[in-house]
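To begin, one chain is listed below as structure tokens, in the form predicted on its own.
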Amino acid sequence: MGNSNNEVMEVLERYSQEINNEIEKVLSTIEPVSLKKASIHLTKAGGKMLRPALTVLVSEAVGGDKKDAIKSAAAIELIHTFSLIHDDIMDQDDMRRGMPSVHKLWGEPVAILAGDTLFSKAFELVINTKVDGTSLGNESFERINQTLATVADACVKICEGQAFDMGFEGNFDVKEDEYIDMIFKKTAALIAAATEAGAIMGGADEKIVSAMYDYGKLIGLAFQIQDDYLDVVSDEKSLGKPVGSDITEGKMTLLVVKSLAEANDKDKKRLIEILKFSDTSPENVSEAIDIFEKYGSIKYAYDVAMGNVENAKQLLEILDDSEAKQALSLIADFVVKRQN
């Protein structure tokens, strides 16, 4: 493909207007004004809209009408935004999407309420999907119930994933399967919910719904592992933050977990020292990257991400050929081709 990344951005752009309209509508009634502004702030900050676009694309790919999936897609984006607001409070991150984070502008109490409001509005959106029989037919209530269950499950997993992630700080005995389970819950579960919700709202049978959930899970895992990988191989301009910032922050990433599992005692001790040190110099970051290189951890992370993407694309074979199916395949590739 010429530039498949551009094609993906066009696909995401194609749906973003309708999804944003739904979000604006559902958030327009919030009071008082400070809470409304805090709730809307990140939805205006121009995220990629990957998750909601996946919901709509999957609904089209399984033969459904995108109208039926738009509200669920907007709900997924609100859940994502709620988790970002609360994450920024927990991590004390002052910037998000190139703008001051919600708690920085409105204070922590209002930011907590803004996250809670978005969480609640997400469920309101799914419930308000048209169910008068003109849009979804008789199974409409069943589809909405299933979608609500999917979204609720993802919300629990996001909280579990965040708790595991915080528990991993300073714990250098984390095993690879524990790490994968954490990123599944923290990142991939909502992407899996996005694709599963699209399949449910599109009226797919159980087998296809299950395949679309797995497709979302795999590209979600690849997405997070690619983040780990880009942190050490990208450049600051593309990344939008200093290279090696995961190392500086002492984060457990797949590269760290793999290196600690493989390294000799001397290298393991040195890597832990660097990760523990709160004021890591560029030299130390380079040294940590050298240790990753020595044990093949950078290539390993890339290969794991690529393997997940290939498996995700295999799952799309269950679908009839369509433009939406082609777009889902491009998005799977985009997850490991992006530079930020």
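Just so you know, these numbers come straight off a predicted model, no measurement behind them. Heads up: residue numbers just count along the shown sequence, starting at 1.
Quick note: we don't show the form predicted in complex with another copy of the chain, though the next part is all about it.
Evaluate T117 for contact with another copy of the chain in the predicted bound form, applying a 4.5 angstroms cut-off between non-hydrogen atoms, and reply yes or no.
-> Yes, T117 lies within 4.5 Å of another copy of the chain in the predicted bound form.
Does the 4.5 Å heavy atom contact test between L35 and another copy of the chain in the predicted bound form come out positive?
-> Yes, contact at 4.5 Å.
Taking 4.5 angstroms as the cut-off for heavy atoms, does M95 touch another copy of the chain in the predicted bound form?
-> Taking the distances in the predicted bound form, the answer for M95 is no, it never comes within 4.5 Å of another copy of the chain.
Any chance L260 has a heavy atom within 4.5 Å of another copy of the chain in the predicted bound form?
-> So L260 does not count as contacting another copy of the chain.
Among V233, Y302 and A327, does every residue place a heavy atom within 4.5 Å of another copy of the chain in the predicted bound form?
-> Looking in the predicted bound form, the three residues V233, Y302 and A327 all stay beyond 4.5 Å of another copy of the chain (heavy atoms).
Could you spot which one of L239, V174, M99, C159 gets a heavy atom to within 4.5 Å of another copy of the chain in the predicted bound form?
-> Among L239, V174, M99, C159, a heavy atom within 4.5 Å of another copy of the chain in the predicted bound form occurs only for C159.
Options 188-196, 218-226, 161-169, 67-75; stretch whose heavy atom lies within 4.5 Å of another copy of the chain in the predicted bound form | Of the options, only 161-169 has residues within 4.5 Å of the partner.
Which residues from 141-168 come close to another copy of the chain in the predicted bound form, meaning a heavy atom within 4.5 Å?
-> Heavy-atom contacts to another copy of the chain in the predicted bound form: F141, E142, I144, N145, L148, A149, A152, C155, V156, C159, E160, Q162, A163, F164, M166.
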